[in-house]
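We begin with a single chain expressed as structure tokens, specifically the form predicted on its own.
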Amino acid sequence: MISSFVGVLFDGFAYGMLLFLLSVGLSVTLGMMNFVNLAHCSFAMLGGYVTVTLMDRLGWPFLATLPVAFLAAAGASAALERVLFRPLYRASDLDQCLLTIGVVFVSVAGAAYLYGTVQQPVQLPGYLRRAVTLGSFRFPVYRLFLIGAALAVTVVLVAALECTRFGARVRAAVDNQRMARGLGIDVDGVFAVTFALGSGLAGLGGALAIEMVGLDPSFAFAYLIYVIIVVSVGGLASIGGSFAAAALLGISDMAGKYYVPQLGAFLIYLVMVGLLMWRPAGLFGRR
């Protein structure tokens, strides 16, 4: 019984870290830039398909595809931000939702046309398919790798946004654009880089998600709700909040499916409702 509990806890935490990698970019763009980007998971899907293409058609090793997935999603989002999203920064939430959900429909149709509707498998290297055994417990190496990647992303993001000049410029541009422009800050450039960073992290999360949850054209819709739940429960503009919320929701979801199968995937929604009734602004929400 202890072994099963530890296994559920570990698998749930690993799944939570995957949700964190998928959602942390939206926490940056939605929480700091106040832009409702429902197309966030489309960039995650793009990162996944870049990894599949490089591995299956060009023979790249898995780890080498991850930086390319990040850069591809960041580059695509930078182009869309300049052409489509930037004119809507001052628009209503409804206008932003309608435009970005339209981008999701286009991305899903494009993925289905280019790759078909079947699941896209990925062949991990042998050292990531192994498991570490500690006593009676087995911990898959790939899940440990996911946890390590999430922790590394958390440290880098917090350091970049809180301890660097770029982070100070982002906060200044968000708090008061007119004052920031008066001080010589290139607000448009800061927002473009921030948007590309958030979407690039989504692309990285999409590449890492293939082994655990698969990849098909419905990915952009299927995981959009999970990403929004994580950001809402964690609190806008809070990296630590997204981390805590993703871990809590991942463990809750895994435990519910294992111990209360009749509830199935609904437990994560019950946890979300309970947490938001307790703290409507999220666990670490500032507003």
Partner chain sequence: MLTTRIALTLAAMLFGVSPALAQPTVKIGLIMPYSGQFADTAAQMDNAIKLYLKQNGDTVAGKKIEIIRKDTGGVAPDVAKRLAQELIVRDQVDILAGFVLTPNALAAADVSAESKKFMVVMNAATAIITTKSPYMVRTSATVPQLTETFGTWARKNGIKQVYTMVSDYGPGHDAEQGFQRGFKDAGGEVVGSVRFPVANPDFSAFVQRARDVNPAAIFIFVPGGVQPAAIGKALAERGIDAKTTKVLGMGELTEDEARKSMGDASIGIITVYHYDHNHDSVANREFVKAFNEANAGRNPNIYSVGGYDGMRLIYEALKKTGGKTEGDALVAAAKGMKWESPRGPIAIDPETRDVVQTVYIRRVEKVGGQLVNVEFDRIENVKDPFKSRMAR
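Owing to the predicted nature of the structure, the values given are computational and were not obtained by experimental measurement. Numbering follows the first chain given and starts at 1. Whichever C-alpha set is largest while still superposing within 1.5 Å between the two forms counts as the rigid core.
Separately, the form predicted together with the partner chain exists; it is not shown, and the next lines address it.
The listed set R82, R171, R181, R138 contains one residue whose heavy atoms approach the partner chain in the predicted bound form to within 4.5 Å, identified as R138. Though the partner chain is absent from this view, in the predicted bound form it lies within 4.5 Å of a heavy atom of just one residue from A149, V193, V122, L71, which is V122. Although the partner is absent here, G214 is a contact residue: one of its heavy atoms lies within 4.5 angstroms of the partner chain in the predicted bound form.
Among residues of the shown chain, V118 is one whose heavy atoms approach the partner chain to within 4.5 Å in the predicted bound form. Taking the partner from elsewhere, L66 is found to have every heavy atom lying beyond 4.5 Å of the partner chain in the predicted bound form. Looking at T53, you'd find every heavy atom of it more than 4.5 angstroms from the partner chain in the predicted bound form. Figure note: of the listed segments 220-228, 43-51, 240-248, 57-65, the one touching the partner chain in the predicted bound form, with heavy atoms no more than 4.5 Å away, is 220-228.
Shown here without the partner chain, the chain has M254, K257, Y258 in 239-258 lying with a heavy atom within 4.5 Å of that partner in the predicted bound form.
Once the cores line up, the CA of F221 ends up less than 2 angstroms apart between this form and the one not shown.
The Cα shift for V68 between this form and the one not shown, taken after rigid core superposition, is smaller than 2 angstroms. After superposition on the rigid core, the Cα of G256 moves by 2 Å or more between this form and the one not shown.
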